[in-house]
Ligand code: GLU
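Below you will find one chain, with nothing else, as structure tokens; this is the form predicted alone, and questions on how it binds or moves follow later.
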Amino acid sequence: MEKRLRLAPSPTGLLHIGTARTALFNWLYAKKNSGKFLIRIEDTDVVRSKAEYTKNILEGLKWLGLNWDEEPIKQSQRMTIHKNHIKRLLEIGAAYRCFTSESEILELREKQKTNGLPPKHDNRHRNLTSKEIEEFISQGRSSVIRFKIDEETEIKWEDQIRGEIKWRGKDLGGDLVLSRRALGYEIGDPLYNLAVVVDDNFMNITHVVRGEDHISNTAKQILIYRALDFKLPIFSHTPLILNSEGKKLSKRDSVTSIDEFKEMGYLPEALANYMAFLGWAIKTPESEILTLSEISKIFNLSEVNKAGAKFNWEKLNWINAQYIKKMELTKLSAFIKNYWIDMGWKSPSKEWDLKLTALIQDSMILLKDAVEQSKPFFSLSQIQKDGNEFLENKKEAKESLKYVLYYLKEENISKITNDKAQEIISKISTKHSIKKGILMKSLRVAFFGCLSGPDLIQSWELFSENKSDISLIERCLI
């Protein structure tokens, strides 16, 4: 049988890292087993669901490389079907109308709280007669539809990640609400636990992979599956993503949406690679840098950890840096050029772009690092304290720069190459008995305003092509 898995996000916010990790696990398992990865947009919350969030979720999944195999389904377009299944549950006696008012529920909760009991509906209207129902309706009272849960029943399933899980009916909070309130004999808008069962059955979902916060929902849904005589899928509940303090990752941790990771300069391949190891690890890793295709061949749900997975920024940064180092130069240059354009910077040529990209590639962790590392080549770097002290206190520092200017002007050198730079440095060192180290540090201060920076000779080539090397040296001699 074809394995069919799905992601069922609610479009009530931007694509979250937790949702993306769930999507990834579903995608990996589907690909490993030559199955299908599907999308269902659970947009029945009319107030909070927004089209822009649906767009953001789908675009975020595509950006990560998690393409789906069939047209996404919108749950809101299937509400009539959901209501028909609620009617079926009413007809077979598995569900009933409950007229308990909001004030009565609050009163019940207060009593339970006073007596130290957990919140739980008392199922007071489970056995209403037709006459009692008509009387409530004539009074103008609205009703929800509740699903009957036998307190003595045991619900258990074999979870692919957690092994056998058991729940007792009495621990599920009383009879389950299937629909919102409605007047008369109408059925209100169906709620999550009913809709998800009906839609998973409709989509022929064979495996449900979702977060551990859904475990109690799974127990309730299994009862609905049985009542509707639907075939049960295989369930897997993934660990939560935790922050450094071991708490559930939330908006308070600053960055949680995929858009934010993208804006920070993370590559989709790197983020997907890292997310695969959030809660799962290769038993005998030869490398931690793997494509989604490579990961899908070795991914195993039964190897996913039960415990929460701590988000590790250092590990993500390391993986992102590895992808940047391996990236084809032309592709990386195109990414970097967008940052330069945003800054209003103009480069002299495509060849120059590639040279600068190659110069900073190995020192980049995030794509946005290109801004700070490229800045000296587009705008004047102020001379820092260590640079000033070197020029003023180090004997021969400024003298060496005067000799550099002399050779550049005397020989009318308009473009510095690697060989020409080495030739000038050797001439000055030999003829004027100036140590190469002092000369090169002096040039570094001229170009970057400090004693640190990228490869000096390659940098000099770029400054020369940008027609700025002479003016940068001259400013140190004023």
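Residue indices: 1-based, along the sequence shown. Fair warning: this is a prediction, and the values are worked out from it, not measured in the lab.
What comes next is about the form predicted in complex with ligand GLU, which does not appear here.
By the criterion of a heavy atom within 4.5 Å, Gln458 is excluded from the residues contacting ligand GLU in the model of the complex.
Under a 4.5 angstroms non-hydrogen atom cutoff, ligand GLU in the model of the complex lacks Asn466 among its neighbouring residues. Although the partner is absent here, Tyr323 is not a contact residue: none of its heavy atoms lies within 4.5 angstroms of ligand GLU in the model of the complex. Interface membership of Leu472, defined by any non-hydrogen atom within 4.5 Å of ligand GLU in the model of the complex, is ruled out. The contact residue chosen from Trp167, Trp318, Tyr192, Trp157 relative to ligand GLU in the model of the complex is Tyr192, the criterion being a non-hydrogen atom within 4.5 angstroms. Residue-level contacts in the model of the complex: of Arg210, His82, Arg97, Lys220, one residue has a heavy atom within 4.5 Å of ligand GLU, and it is Arg210. Shown alone, this chain has one stretch from 347-355, 177-185, 210-218, 272-280 that lies within 4.5 Å of ligand GLU in the model of the complex by heavy atoms: 210-218. Shown here without ligand GLU, the chain has no residue in 138-173 lying with a heavy atom within 4.5 Å of that partner in the model of the complex.
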